[in-house]
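Presented below, as structure tokens, is a lone chain in the form predicted alone.
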């Protein structure tokens, strides 16, 4: 297991470096830098002024040097701008700063839009999405497992066909469709069922049943279909196994067969799907957070891309990559414990 973990951490580190470099390279393309210069300085800048502005702030240098600075492996640039000493590691109002200031030092830079530290913005938005993820997960997983197990226990029955149809329908309906339908039905005065609020903006300050139910249900319904269908297929396969038939022939009740013998083995395959819902909930809620104006991590990622907020976009990217890789690692480790027949080297 130790060798397996060391190999996986090595692969994770290499993957993080590759993916973050690709995002860094894309955000530092010439059109993006030109737009950044005009946004920060003057929209009527000439091409020569743009080049001069970028040169003074270290943007027109080798991409590998800039990436090393962002990671904290290379000393940050310094330069004198309008008679004032400036640099990557020098903050406004200061004349000097640390030699290294990058991701490895916990410094993600400053947002060019809000002029706040990127780490503060991400932590604040990530906590909001964390509440949304937790509530969605607590609703989605139990519902999906109940639907999948109930359908798999009675394969081919009316119950199975009905629950399978429900699972396929929820999965095939995008969040922006179900979200709009829910808003139209449960918040519109035309229908009359004004049970909830059509926006979740106020949930950032205080979560209530009225402002948080619709976003949670919208995401949960879309994600539960995958888990339910996987659980149903796994449960149906386990119920046809020889040891299940032997247990039934020995006189074990149907309930005892399901709870003591079938359930654990049936949950091995869905476990991986459940763990993969974490990165989906982190970055895949962009549509729902935008639809309900809930200013979480996904909303921040979209805003950073739209506003060409390079530092914030890079910070969001590396957090998303780390979460995806960690959940995959936890999924692999959990799969080994659930299925003793699997061996890792």
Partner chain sequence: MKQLDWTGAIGTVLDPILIIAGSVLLLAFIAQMISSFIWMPSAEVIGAPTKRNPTDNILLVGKIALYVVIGVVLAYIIGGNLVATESKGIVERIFTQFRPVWLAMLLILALSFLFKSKLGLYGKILDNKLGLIGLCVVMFWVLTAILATGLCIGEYCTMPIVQYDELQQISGMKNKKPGWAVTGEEGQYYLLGGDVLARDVFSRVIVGSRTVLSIAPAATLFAFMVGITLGLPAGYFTGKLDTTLTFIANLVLAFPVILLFYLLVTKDIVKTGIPMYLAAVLFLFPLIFLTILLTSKFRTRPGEMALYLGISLTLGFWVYLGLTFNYDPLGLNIFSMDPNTLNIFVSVVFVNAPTVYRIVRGLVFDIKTRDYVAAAQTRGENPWYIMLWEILPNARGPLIVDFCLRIGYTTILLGTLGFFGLGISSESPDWGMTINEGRKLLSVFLHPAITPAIALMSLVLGLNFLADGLREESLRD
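Numbering follows the first chain given and starts at 1. Note that the coordinates shown come from a computational prediction; the quantities given were computed from them, not determined experimentally.
Another form, the form predicted together with the partner chain, is not on view; read the next lines as being about it.
Highlighted residues 15, 301 and 317: every one comes within 4.5 Å of the partner chain in the predicted complex, counting any heavy atom. With the partner chain omitted here, the record of contacts in the predicted complex names 171-179 of 113-121, 69-77, 171-179, 236-244, defined by a heavy atom within 4.5 Å.
Proximity of residue 106 to the partner chain in the predicted complex falls outside the 4.5 Å heavy atom cutoff.
Although the partner is absent here, residue 183 lies within 4.5 Å of the partner chain in the predicted complex, judged by heavy atoms.
Heavy atoms of residue 287 reach within 4.5 Å of the partner chain in the predicted complex, making it an interface residue. Under a 4.5 angstroms non-hydrogen atom cutoff, the partner chain in the predicted complex lacks residue 333 among its neighbouring residues. A single residue from the set 229, 125, 88, 197 has any heavy atom within 4.5 angstroms of the partner chain in the predicted complex; that residue is 229. A heavy atom within 4.5 Å of the partner chain in the predicted complex is found for one listed residue only; from 99, 158, 264, 250, this is 158. Interface residues of 59-77, taken as those with a heavy atom within 4.5 Å of the partner chain in the predicted complex (partner not displayed), are absent.
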